[in-house]
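Take a look at this one chain, the form predicted alone, written out in structure tokens.
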Amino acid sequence: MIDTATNQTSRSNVSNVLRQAGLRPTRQRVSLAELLFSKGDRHISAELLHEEAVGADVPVSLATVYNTLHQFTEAGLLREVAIDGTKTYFDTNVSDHHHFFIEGENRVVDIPGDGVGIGEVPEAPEGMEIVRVDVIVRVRQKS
């Protein structure tokens, strides 16, 4: 993984991490990885990452950003957090944890520590296995 604790995102480090994940370190992948992982753990949409890339003079299309985020997710570098059918965020923290979704701000934040207890999980259908359990707690400011 990229060391987000010390922001170790040098080009050579990023290239090595991508290679170890089975991805070719193209210029666009390296640039997007540097943007993604240079700010520590966070949740980001493809549109926001695209805006950051444009602001950093990284020539990349929104489609390439989407493809790269999905490639990073498949390689285990990111975790996809689907809020509903229309909004997906990508989490740089791939450990097992759960999330709050702050309505009105369209923001995702980690639920700290062991803030959620999962009781019984149903058995997976025959021939299937449970990969993980995601809990998203929707919150909003009190009226």
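We number the residues from 1 along the sequence you see. The shown structure was predicted, so the numbers you read here are calculated from the model rather than taken from an experiment.
As for the form predicted in complex with the DNA, it is not shown, yet the points below apply to it.
With the partner removed from view, the residue among 103, 96, 41, 47 that has a non-hydrogen atom within 4.5 Å of the DNA in the predicted complex turns out to be 47. Every member of the trio 19, 62 and 70 reaches the DNA in the predicted complex with some non-hydrogen atom inside 4.5 Å. Although the partner is absent here, residue 79 lies well away from the DNA in the predicted complex, with no heavy atom inside 4.5 Å. The closest non-hydrogen atom of residue 27 lies within 4.5 Å of the DNA in the predicted complex. The closest heavy atom approach of residue 87 to the DNA in the predicted complex falls within 4.5 Å. Counting a residue when any of its non-hydrogen atoms is within 4.5 Å of the DNA in the predicted complex, there are no hits in 89-111.
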